[in-house]
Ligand SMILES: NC(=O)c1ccc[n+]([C@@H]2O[C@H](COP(=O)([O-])OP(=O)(O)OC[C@H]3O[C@@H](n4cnc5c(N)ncnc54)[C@H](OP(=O)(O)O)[C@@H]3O)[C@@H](O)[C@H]2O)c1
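The chain below stands alone and is given as structure tokens, in the form predicted alone.
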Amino acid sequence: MFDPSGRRVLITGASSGLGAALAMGLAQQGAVIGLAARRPDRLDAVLAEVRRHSPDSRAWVVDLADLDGIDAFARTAVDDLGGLDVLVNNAGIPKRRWAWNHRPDEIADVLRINVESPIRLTTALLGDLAASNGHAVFIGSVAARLAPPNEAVYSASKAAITAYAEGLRVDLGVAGCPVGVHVVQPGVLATELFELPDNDPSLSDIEPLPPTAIVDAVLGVLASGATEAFVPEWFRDLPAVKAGNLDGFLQGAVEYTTGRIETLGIAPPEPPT
């Protein structure tokens, strides 16, 4: 079993949502948490709660979209924590938009923050994780496996980081490097990501789980060594269904989405011109 007590855990995107829930959940089990996020006011509030359980925890205000600053931040975090046992790449942005309506700047932002940034941070910290027989955890999305409607670019970003994690696990295995690599794929969890401005409305009819559901999922992969986990677990069965009949699965997604649009009374997308 994985015992979080005393483990040094760096969590990105830790000022709200899944990152904050994970920081609190692991701190309550004795982990020393490093919190990284952009918003100082929210970050301070989460840090204050975390320190009630883990007084040695730290926080840094950092914009991980600034790729050139990632190496320096990685060194600061490791120095301040006195080493690193677990990296959780949680920071990310959604973008609900019909595929042909994405602006070029949106595409660049999603790929930079959801793909390039965690790859750069992980690369910068692999040596430190190897020194502690540590773990790199990527918070992905079921979108990586299931092609949901009006999330093509977001889905592509989560599929890319999933593929990176799988490839990283293989490469580390070849090198005999003792770093575990894991991806946790959340479905619909009750966070503000579904309410952010400049996004189309969510079409999901799935009842959201509380954000605290991410804690057991992350602890589960750390304990079992599994490459991938889904939240909720029943999503695990769907990629096999999709692979068994891709055309049928995608056509089913079209029909489901058309029905949701009618049920919600919203305008269907205009076709590209």
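A residue's number is simply how far along the shown sequence it sits, counting from 1. The model shown is predicted, which means the values in this text are computed figures rather than measured ones.
Another form, the form predicted in complex with this ligand, is not on view; read the next lines as being about it.
- Using a 4.5 angstroms limit between non-hydrogen atoms, Ala37 touches this ligand in the model of the complex.
- Taking the partner from elsewhere, Ala65 is found to have a heavy atom lying within 4.5 Å of this ligand in the model of the complex.
- Residue contact with this ligand in the model of the complex: Ser16 places a heavy atom within 4.5 Å of it.
- In the model of the complex, none of the heavy atoms of Ala165 sits within 4.5 Å of a heavy atom of this ligand.
- Using a 4.5 Å heavy atom cutoff, none of Gly25, Leu47 and Ser57 lies near this ligand in the model of the complex.
- Think of it this way: in the model of the complex, this ligand has a heavy atom of just one of Ala131, Ala160, Ile93, Ala124 within 4.5 Å, and the residue is Ile93.
- A heavy atom within 4.5 Å of this ligand in the model of the complex is found for exactly one of Ile119, Leu172, Leu146, Val188: Val188.
- Stretch 57-65 is the contacting one of 221-229, 57-65, 244-252, 26-34, since its residues have non-hydrogen atoms within 4.5 Å of this ligand in the model of the complex.
- If you take 135-160 and check each residue for a heavy atom within 4.5 Å of this ligand in the model of the complex, you get Ile139, Gly140, Ser141, Tyr154, Lys158, in sequence order.
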